[in-house]
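One chain follows as structure tokens, the form predicted on its own.
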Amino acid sequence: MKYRTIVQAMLALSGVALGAAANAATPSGEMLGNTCAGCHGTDGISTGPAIPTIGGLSNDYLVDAMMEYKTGERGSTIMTRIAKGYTDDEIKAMSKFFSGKPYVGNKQKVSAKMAKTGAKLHKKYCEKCHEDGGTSAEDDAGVLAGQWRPYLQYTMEDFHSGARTMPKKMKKKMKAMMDKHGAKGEQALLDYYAGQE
């Protein structure tokens, strides 16, 4: 009788220990990703013009972006606060979840004439990093094609104001483009990217 009681107590304690371990485990990427749906949309397909679509972006790009928000290297009033709440393992799990989703661009109206000019500027200044017209996730530079135009505009404003650091290569290319084509050239690029689905 006494032996039985001891065994039952040991089983109960091991159950508590296993339960605690299960609770401490990293939540699944899907579970974490679902918490992002309020802003980034279901499966990372944005429906808000100031929010990027993140479903279908590369795993490396998503991990880097979240780590930059977490450390404050990339500025954002909201994302820096949110990213600090996740562990590195949770960031990896949710990045893997979103990178496994198909990328779905947003349909929006742009100036066809400006987009045509933007296509030429993209080929000359941006194609080496943002491959295939900005549609490729494989280059780890982020998908630009089909992102909301206001989001692209705000991102460029952050780069120009210094709120977000422009990568060295991008800075050089953008300076060359702005010197020759000015703000109109940048608007043409945005129309080109936003005009693709």
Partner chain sequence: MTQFTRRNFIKAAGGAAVAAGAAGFPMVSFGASKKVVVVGGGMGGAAAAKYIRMMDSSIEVTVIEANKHYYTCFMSNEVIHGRRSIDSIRFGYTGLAGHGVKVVHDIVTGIDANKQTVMTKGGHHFKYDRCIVAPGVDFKWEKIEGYDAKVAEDIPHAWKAGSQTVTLRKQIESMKDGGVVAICPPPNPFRCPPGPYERTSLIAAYLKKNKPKSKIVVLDPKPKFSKMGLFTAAWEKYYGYKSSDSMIDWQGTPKGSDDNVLKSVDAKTRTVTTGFNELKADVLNIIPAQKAGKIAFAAGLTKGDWCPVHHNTFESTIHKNIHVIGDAAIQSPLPKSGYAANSEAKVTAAAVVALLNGKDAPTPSWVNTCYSFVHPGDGISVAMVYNLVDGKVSKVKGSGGLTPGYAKSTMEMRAREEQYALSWFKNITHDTFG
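Please read these numbers as outputs of a predicted model, since none were measured by experiment. Positions refer to the first chain, counted from 1.
Not on display, but discussed next: the form predicted together with its partner chain.
Look at 124 to 132, 139 to 147, 32 to 40, 168 to 176: in the predicted complex, residues with non-hydrogen atoms within 4.5 angstroms of its partner chain sit in 32 to 40. Although the partner is absent here, Tyr86 sits close enough that one of its heavy atoms falls within 4.5 Å of its partner chain in the predicted complex. By the criterion of a heavy atom within 4.5 Å, Thr71 is excluded from the residues contacting its partner chain in the predicted complex. Proximity of Leu57 to its partner chain in the predicted complex falls outside the 4.5 Å heavy atom cutoff. Taking the partner from the other structure, its partner chain in the predicted complex has no heavy atom within 4.5 Å of any heavy atom of Asp64.
Interface residues of 47 to 86, taken as those with a heavy atom within 4.5 Å of its partner chain in the predicted complex (partner not displayed): Thr47, Gly48, Pro49, Ala50, Ile51, Thr77, Ile78, Arg81, Ile82, Lys84, Gly85, Tyr86, in sequence order.
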